[in-house]
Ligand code: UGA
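Single chain ahead, written as structure tokens, the form predicted on its own.
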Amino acid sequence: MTLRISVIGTGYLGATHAAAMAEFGFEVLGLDIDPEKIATLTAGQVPMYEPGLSELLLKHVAGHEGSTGRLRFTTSAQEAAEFGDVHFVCVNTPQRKGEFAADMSYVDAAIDSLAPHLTRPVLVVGKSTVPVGSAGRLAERLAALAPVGEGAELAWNPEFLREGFAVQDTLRPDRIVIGARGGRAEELLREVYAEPIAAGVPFLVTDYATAELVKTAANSFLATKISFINAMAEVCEAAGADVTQLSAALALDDRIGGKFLNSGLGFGGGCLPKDIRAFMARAGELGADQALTFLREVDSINMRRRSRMVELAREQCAGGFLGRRIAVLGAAFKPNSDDIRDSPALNVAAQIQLQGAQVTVYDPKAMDNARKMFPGLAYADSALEAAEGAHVVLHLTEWQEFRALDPAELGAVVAERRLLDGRNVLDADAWRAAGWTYRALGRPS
């Protein structure tokens, strides 16, 4: 019998996972408590920007011409419980307000809504990023609430999606990690992931705690690498060195590698910042807080990049922002996404505006989200419009569209040709040749 799959939570992770499971050939039912989101997905539309996801949804969502019909959506937990043999929990775990710790209320609510309807043996699989120790607690809660008792088995299968590459990361991940306590979990998940396993994707089976730690440890390592090169940028500025050349030299050492070694404005988004903070909080609860004290400096270095960009912009405005027009190119926390959660670009824009400047923002995909979150900023429909009359242009999200800008064309509309490259990816020589004053974090002026 072919397995049927439910996906609980249809946000960024859940919608992508549901579409990928349908692509693997399974009948899939997505569950969410938000009727508007369910209506949008049922119409074959994606409530966020993620390259390739819209096409994958339309290929499988029932009711659309030419679709396989393998993917449907519902707001009924009972329907999802009766439908699925394997239930993936894909809800968010944001940072708790006023604390570093993760907010587990959405995961708890997902288990609480599903479990009372589980009357036959099933596998519930957590994919959300959770504090280590959560799976054990949730396994006990699941068995206690489900009519089938311990027939409702729990496994943990952390996600490793990169925004902008989520579809390919789900269909062809670099590894599949399963935390389980025996039972049928490994057998069922080998069936679920049969296609990527056959393609050579490593399949690792661990205990619950190790599986939970893989995601937080990976994100902590990546955040540390980013903050390391940004700390080197601070030293480069003090010493008159060039961090881009330093990074290129370090990348040639195969023990280090070049990924996540690009200096700039630092990381943001809905994962790295909150995950390293939640990891520190959980280590403290476990009595191992000394092991992760370095993450406080990783976080601090990252936040200093934003303050330094504001300082550089102020220097370019002769020491003050009053009466100055600033163009900000970028609102999303990274390119190929409309996600503005903890966006360094918008954080810098808001700080500069609060200090008296008139700030105009443009982003290829994140404009609607930015307007909702920062209504006090001005917005433009293009980079040229944003830069009109600007005294300083800030490049803060590395979209390809911005890399392709013509320095002369942009120079024709600004008040002063001053550019701050917050991502260290623009051609400094080309911009300087067009008469621009080009500055970047960690590079000589």
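All values reported here derive from a predicted model rather than from experimental measurement. The first residue of the shown sequence is 1; numbering continues from there.
Absent from the display: the form predicted in complex with the ligand. The rest refers to it.
- Of the stretches 371-379, 78-86, 141-149, 219-227, only 219-227 has residues with a heavy atom within 4.5 Å of the ligand in the model of the complex.
- Of the heavy atoms in residue 236, none are within 4.5 Å of the ligand in the model of the complex.
- Although the partner is absent here, residue 362 sits far enough away that none of its heavy atoms falls within 4.5 Å of the ligand in the model of the complex.
- Interface residue remark: residue 299 is not counted as part of the site for the ligand in the model of the complex, having no heavy atom within 4.5 Å.
- Using a 4.5 angstroms threshold between heavy atoms, residue 118 stays clear of the ligand in the model of the complex.
- For the residues 282, 324, 72, 215, the 4.5 Å heavy atom test against the ligand in the model of the complex is passed only by 215.
- Shown without its partner, this chain lists 193, 106, 160, 100 as candidates; in the model of the complex, only 160 has a non-hydrogen atom within 4.5 angstroms of the ligand.
- Looking at 254-281, the residues that come within 4.5 Å of the ligand in the model of the complex, counting any heavy atom, are 260, 261, 262, 266, 267, 268, 271, 272, 275.
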